[in-house]
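Take a look at this single chain, the form predicted on its own, given in structure tokens.
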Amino acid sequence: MKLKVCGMTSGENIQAIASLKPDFLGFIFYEKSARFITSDIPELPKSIKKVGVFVNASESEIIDTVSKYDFQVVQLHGDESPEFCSSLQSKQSNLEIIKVFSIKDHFNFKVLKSYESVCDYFLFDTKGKLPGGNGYSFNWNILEAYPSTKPYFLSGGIGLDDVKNIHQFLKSSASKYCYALDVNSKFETAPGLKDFNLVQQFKTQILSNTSTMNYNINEHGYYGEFGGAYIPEMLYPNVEELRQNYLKIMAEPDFKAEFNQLLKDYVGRPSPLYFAKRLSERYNTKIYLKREDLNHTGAHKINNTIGQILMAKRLGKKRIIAETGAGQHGVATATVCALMGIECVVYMGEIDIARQAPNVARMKMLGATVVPALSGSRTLKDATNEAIRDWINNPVDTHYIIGSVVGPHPYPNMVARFQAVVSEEIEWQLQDKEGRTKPDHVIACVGGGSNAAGAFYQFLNDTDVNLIAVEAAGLGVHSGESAATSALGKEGIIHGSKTLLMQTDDGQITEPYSISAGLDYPGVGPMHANLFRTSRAEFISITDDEAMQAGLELCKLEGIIPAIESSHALAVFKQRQFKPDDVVVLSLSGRGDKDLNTYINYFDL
């Protein structure tokens, strides 16, 4: 959850509040306001976005003020039309727009529709005599009917005594798209002067506690309210054996030495952090590609399978099972099993077997038995179901190498820890290239979410780093042929954990669809469900067409053929604008060899 502090007028007070590192600071340019700013705005840390707040100002006035103070965001608090927002957006392409709507006892959410494409955020404030700063709250339950997926700011009389109510609200479905809290008059010693201690206390109670509680897994295996181990009794010994031992084994010096040696000499790590010059020029920002596609086997999946095969050996397991969608995890599992001389069985949906034939051939060449899943949608979900059935029937000698941050605890955390090498490398590589360890944005595609978990891991609790998770919208989020869990999902249990998943009103899992075999999963890992619910990460949905065009663009601009999964992440640059000096790191999770037939058929090559 991000924090915006609005309505300061004194340079000294502005600097004091800025030292608390809120995400946004707002400055009001409305003469009737008691918080109208007439003084200069001091230099602020780069991590803080400066917001200019206007009420029915002219376009030229806004543009001049933005230029004078170098604002990154404008907040329109009057009767500005969609056409006005669109015109402003076209003239200030790097400017983010917050459009404010006031609520009293009810609100007609239909008015939002025409603003969807011309602003970046909505803000809901309390309707009063003046546009903002009234010190009163509205009934937040009204937001249960919020129909949009656009992130919004919650404002209106929020004070320190609302902490308990805010925690309650953040657990409700009304908060699903709540992106930030906007505080103003309840934290003042006088209009325009904020009480440093009150703001600090509020941030600690709301944001710091939420960060600690939500972004890291707790001792019970939950990320916030998501996670756990919902498993049949017959699987309890297997899962419990792993839970009791995985952290101890990972901490053993011999384990770490063998793991790191294999990553270096077998996988080929570190993978390069490549500055994509022509792509950066196209989108007027600094784009670095984390080249997981250059790993042995062609994707990030090998990081996890190396770790888990070493774990299985130390637990005395003689047989490995796995599930796979795009085939990359199946290939990575078959690879490490061949390396260690262990029997390998890979379950794969019948449809995925057909569209990922090169990877099926690789698995067989590596000595694995590939078993088709013939039930349901015959894709990744069903392959996972079959693997779990196998594990139930073979509980003693078999280890299940789950390929994503899904499944019962401790799998989501264990897989994330093995994949964390991705963001660990990003930090020191970025230091070499940019003189800093933290990017402004990290972008990764998300199906179950292992690639994104690895790219995000080191930055989870560093809110200066914006995390962008990209899901597959298929033929469109609301087309009935989609895998956009963040937009369509509800709380439920799938494959042993509580998370967000696509389901009918009576709890039946709905079939996902994506042109990408690795993203057509009906749920998302509990870490990502929590990142979404707490608004720690932005979630963006990308259609098949958008992804395919983005993949082809990378081919032509950088000479890199990406996996279609990675192409979804690349498509974000068409949807979201970044500043010229932003450092954007995108995890290129896999190479496109496996997808050549899909590319050929789509583009009629």
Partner chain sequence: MNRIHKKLQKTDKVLSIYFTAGYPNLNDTVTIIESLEQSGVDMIEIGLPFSDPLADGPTIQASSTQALKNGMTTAKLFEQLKDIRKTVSIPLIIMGYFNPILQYGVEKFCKTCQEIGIDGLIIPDLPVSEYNAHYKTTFEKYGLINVFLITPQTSEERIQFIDSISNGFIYMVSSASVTGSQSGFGDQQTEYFKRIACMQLKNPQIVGFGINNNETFMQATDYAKGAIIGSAFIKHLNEHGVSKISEFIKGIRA
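As the structure is a computational prediction, the values presented were derived from the model and not from experiment. Numbering follows the first chain given and starts at 1.
There is another form of this protein, the form predicted together with its partner chain, and it is not shown here; the text below is about that form.
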P372 within 4.5 Å of its partner chain in the predicted bound form, heavy atoms: no
is_contact(A229, its partner chain) in the predicted bound form, heavy atom dist at most 4.5 Å: yes
Contact of L247 with its partner chain in the predicted bound form (heavy atom, 4.5 Å): no
Touches its partner chain in the predicted bound form: P358 (any heavy atom, 4.5 Å): no
Option from 390-398, 308-316, 104-112, 90-98 whose residues, in the predicted bound form, bring a heavy atom within 4.5 Å of its partner chain: 390-398
Every residue of S423, D581 and L586 near its partner chain in the predicted bound form, heavy atom within 4.5 Å: no
Answer option from A354, M234, M365, M340, heavy atom within 4.5 Å of its partner chain in the predicted bound form: M234
Contact residue in the predicted bound form, chosen from G492, P272, G157, P82 - any heavy atom within 4.5 Å of its partner chain: G492
Sequence-ordered list of residues in 500-522 near its partner chain in the predicted bound form, where near means a heavy atom within 4.5 Å: L501, Q503, D505, D506, G507, Q508, I509
